[in-house]
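Presented as structure tokens, the chain that follows is alone, the form predicted on its own.
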């Protein structure tokens, strides 16, 4: 049975826009592992009943069914120790990177791009997405992203720890990328996949890092459908 990765799509089956799915597809590419991408959409929770889970990514790897992007990365390092390591034998520091990414980067990105997502979805998924996100933000999505160009400087300032971490190195992992890079990069691929808003200035060290990330693994991420620059 071919390795399968269940990933979030909209109406375009080529546009993967979940930041967590991007973490897993970059991790698989890092390991040199082929996989079949299985399209999954917001209103298809029943299709993941086999995994006892209701979100993606879900990896089916032989007899193993692994849910959650961080668990998938740990599985890949354990199951394929002879392939390049994602977390160098210690997953704990990467949990902090994930927490920072989820609470700072993703929160900031969401407030800038969330209203761009409904047009990418079919009617049922769009209705679900709007209802659930407006409940989360407690306001219409158009109000969430209103004045976003004026809020870009504050978002960019929030990324200062990432700039410091990248000084003097090509990747968070050092000379080569590791799972820290893939964790953070997923957030930028999310924005790039759903919105034309330019999150980064061209002279930003993070922009240069993101360009290197886009070119990894034969340019897999750069070739993906996107709106953003």
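Source: prediction; values computed, not measured. Residue numbers count along the first chain shown, from 1.
Below, we refer to the form predicted in complex with a further copy of the same chain, which is not included among the displayed structures.
Shown alone, this chain has one stretch from 134 to 142, 148 to 156, 103 to 111, 76 to 84 that lies within 4.5 Å of a further copy of the same chain in the predicted bound form by heavy atoms: 103 to 111. Using a 4.5 angstroms heavy atom cutoff to a further copy of the same chain in the predicted bound form, none of 17, 216 and 223 count as contacting. Of the heavy atoms in residue 127, none are within 4.5 Å of a further copy of the same chain in the predicted bound form. Of the heavy atoms in residue 196, none are within 4.5 Å of a further copy of the same chain in the predicted bound form. In the predicted bound form, at least one heavy atom of residue 174 sits within 4.5 Å of a further copy of the same chain. In the predicted bound form, a further copy of the same chain sits within 4.5 Å of a heavy atom belonging to residue 161.
Taking 165, 66, 48, 33 one by one, only a single residue has any non-hydrogen atom within 4.5 Å of a further copy of the same chain in the predicted bound form, and it is 165. Contacts between 89 to 106 and a further copy of the same chain, taken as any heavy atom within 4.5 Å in the predicted bound form, involve 90, 92, 93, 94, 95, 96, 97, 99, 100, 103, 104.
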